[in-house]
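Only one chain is shown below, in structure tokens, and it's the form predicted alone.
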């Protein structure tokens, strides 16, 4: 079963790939965004869009051209919400009807600790202290990397609704209320958009294997 099928509710269509795909049509509108990129980047860009189109086919949009907007977020068909992620060993897309969900965010990361020089740029002091406490309790999880993934997931959920940037330090992640869950508190003053309160988001997470192996995955849905 795909990782994100375990994290996302019924009604969300998920397609994942563990190897690169190259089937289906190519669209110049997409290809131009990676025309100057290295071949590995072109393959991952193409594969995650093939996954997305396979997911979209269930909703009648199997040939939708997924071009990035100014913030590199994919532009989905009308009345569809979705999210994509790609990392070493996984490409994934999740889509659903906008009549059921306001937004979706998914993210996957290698299950490794954050580089030491990145911690202060990504985690608030409160989050760093929480990560240290959790690491003492369970050293099998890269808690700082999990918080990073959760913040990436939050941004992918937040941006389609808010249409503005959210910095890593404008979001506070709390992990540990229940196994496999996290909450995100948005620290911007105005966090209500299109009738949806985004001041606090709740997500799910899982790890494939202990720290140093496999992947961490996070997911958020907003009804």
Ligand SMILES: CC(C)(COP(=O)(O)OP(=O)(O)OC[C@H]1O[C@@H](n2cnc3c(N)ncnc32)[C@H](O)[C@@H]1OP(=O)(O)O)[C@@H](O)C(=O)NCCC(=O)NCCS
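Residue numbers count along the first chain shown, from 1. Predicted model only: the values in this text are computed from it and were never measured.
Omitted from view is the form predicted in complex with this ligand, to which the following refers.
S.K.: Taking heavy atoms and a 4.5 Å cut-off, does residue 168 contact this ligand in the model of the complex?
M.R.: Contact check for residue 168: yes, within 4.5 Å of this ligand in the model of the complex.
S.K.: Might residue 144 be said to contact this ligand in the model of the complex, defining contact as any heavy atom within 4.5 Å?
M.R.: Taking the distances in the model of the complex, the answer for residue 144 is no, it never comes within 4.5 Å of this ligand.
S.K.: Is there a heavy atom of residue 111 no more than 4.5 Å from a heavy atom of this ligand in the model of the complex?
M.R.: So residue 111 does not count as contacting this ligand.
S.K.: Might residue 84 be said to contact this ligand in the model of the complex, defining contact as any heavy atom within 4.5 Å?
M.R.: Within the cut-off, so yes.
S.K.: Just one of 147 to 155, 129 to 137, 112 to 120, 94 to 102 has heavy atoms within 4.5 Å of this ligand in the model of the complex; which?
M.R.: In the other structure, the partner sits against 147 to 155.
S.K.: Determine the residues of 41 to 58 with a heavy atom within 4.5 Å of this ligand in the model of the complex and present them in sequence order; the list may be empty.
M.R.: The stretch touches the partner through 41, 45, 48, 49.
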